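In the form predicted alone, a lone chain appears below as structure tokens.
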Amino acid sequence: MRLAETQEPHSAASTFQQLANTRMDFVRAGRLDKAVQRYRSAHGNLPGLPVVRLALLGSSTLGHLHAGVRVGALRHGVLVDVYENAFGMYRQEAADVSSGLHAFRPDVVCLALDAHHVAASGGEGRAEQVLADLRELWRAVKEMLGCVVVQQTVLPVHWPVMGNQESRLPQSPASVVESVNRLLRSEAEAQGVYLLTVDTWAAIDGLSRWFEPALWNRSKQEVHPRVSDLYGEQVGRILAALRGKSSKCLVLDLDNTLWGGVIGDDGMEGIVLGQGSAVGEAHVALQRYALQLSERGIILAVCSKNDEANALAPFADHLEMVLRRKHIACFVANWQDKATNLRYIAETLNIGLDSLVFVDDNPAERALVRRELPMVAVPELPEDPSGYVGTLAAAGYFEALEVTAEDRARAELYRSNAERENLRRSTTDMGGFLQALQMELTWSPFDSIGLKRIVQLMNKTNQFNLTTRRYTEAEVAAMLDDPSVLTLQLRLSDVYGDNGVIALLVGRLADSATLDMETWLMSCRVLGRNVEEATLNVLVEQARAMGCTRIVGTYRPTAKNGMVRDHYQRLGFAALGQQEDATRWELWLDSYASRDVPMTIKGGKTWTTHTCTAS
């Protein structure tokens, strides 16, 4: 920690984050948190780490959790400023626009209500009343503060009155808490609220680790300080997911990872996989878990030191294999070092190295990758393969807030993209390659059907993102009927399939003749295909329909969006100069001629001066 406090900001950010990823307890987390706070006070925020203002609103003592939350979020690449309401005053502060809560202007509110408060009076209908009150509170917080709401589930701290038949006494405190947690799980999604499921984690860790009656009686601390780091870890995962920092790709080794033994030496008959062997079943369990991740949108890749033919054989012919070649978006089997191959995988899939999680049974390979590519997540696997799934799941690399239809199709999207990339590498005629793709770009304004996917993309796209501005679902929903806002969502399809929504644009009328672009983001999957030029053709057409004669664009640099530093210049915008931490660019529309692009463009709706109508 002392070293970090003497370093320049970029190095300090890296060192603090590495320290946050070491084993923590209440005391160590407190020390690290103080060191980070001292550094921020002296030098400002740490580069590359976005700041989230989090309000912890609760009915019990929460101050002992602040350090754990800040360190848990730092572990996932997010800095957090925490606000806590005066004891028991969460409702009053939410309703009072002059309160400290409103002055704090939180990005996220986490409602952490204790079990005694929730089950206060007990009685029949208590759980439904609690849910009705929470729905109203969620609505008020969203409307008044415009922030994301996270609802903590309730710790089951009450002893049963009837024992195993407790559910037959719905008015008991234990039954009320159980009912509230059940109702929360069905209601939160419908209300656009995210859950912090402390009851689940307490069930895994043991409730006695999370709750101690004596501590509650003395200081009204429901969550025990010894699990403050675990609590902070869960909060940190949610905040990181909101900022698009969850990992995207699981890279798997083969020998002694996906199966037992060495395929090159033992042959198909000699590897250990499947029923009849504890080791074989453990490797199947890892494959099943990987497949479940793939089905909810995580990309799978293989990185193995093997001859490719040997490595592929079990995927094609072994009856106990759960994973098949079609599930793997990028398959790399050769004798190069794995750090080099991981760079190749990231390049082929067009994702950042910090989106990769590398799973390998070999400690030496793990050490090499950690040394060469510290941004790649490398879980420390146990020797017993039966612990692989638990280790991977507990690390929380792939925390997700929503699962959309496009998430479910992502594995296929990336597999197709890898095929396109291989075709591109094998051709020297780029124009012919692009024409052969037979691309079709389809655009439309934002709509309620695609709202969740739009919000998800806005909050997770980091590289091709001109301003990296994040939005809540309520903010995006407000754009749908705002005549001063131009929104565009663009899909791209080609001979290999549908790439889904690949670009989002938001522009606001700065005056009657100027459209000011506050967001322009695009998927890196479609780079190098002239999609930027095609998108500009659409943007100019729609800006003209709004009566605009000029488009102004902004580039605000971050640690990850250097690739679009010259975006506006390449598209013919003229420099307007520097504005605070951003560069500004302008394009006059009277002289703009549509670019020739190797794709068909199809539109959904056309903007008039103040309305959006179907064409």
Partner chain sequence: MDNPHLYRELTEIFREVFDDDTLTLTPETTAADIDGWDSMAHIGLIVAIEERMGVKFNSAELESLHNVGQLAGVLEYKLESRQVKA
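Keep in mind that this is a model prediction, so the values were computed, not measured. Positions refer to the first chain, counted from 1.
This next part talks about the form predicted in complex with its partner chain, which is not shown.
This chain lacks the partner; the member of Pro557, Gly48, Gly547, Gly63 within 4.5 angstroms of its partner chain in the predicted complex by a non-hydrogen atom is Gly63. Proximity to its partner chain in the predicted complex, defined as a heavy atom within 4.5 Å, singles out one entry of His567, Arg40, Arg28, Arg584, which is Arg28.
Mapping the unseen interface onto this chain, Leu323 falls outside it, with no heavy atom inside 4.5 Å of its partner chain in the predicted complex. Contact annotation: His224 falls within 4.5 Å of its partner chain in the predicted complex, judged by heavy atom distances. Residue contact check for Arg371: none of its heavy atoms lie within 4.5 Å of its partner chain in the predicted complex. Proximity of Ser277 to its partner chain in the predicted complex: non-hydrogen atoms within 4.5 Å are absent; the residue sits far from the partner. You can rule out all but one of 471-479, 383-391, 213-221, 242-250: in the predicted complex, only 213-221 has residues with a heavy atom within 4.5 Å of its partner chain.
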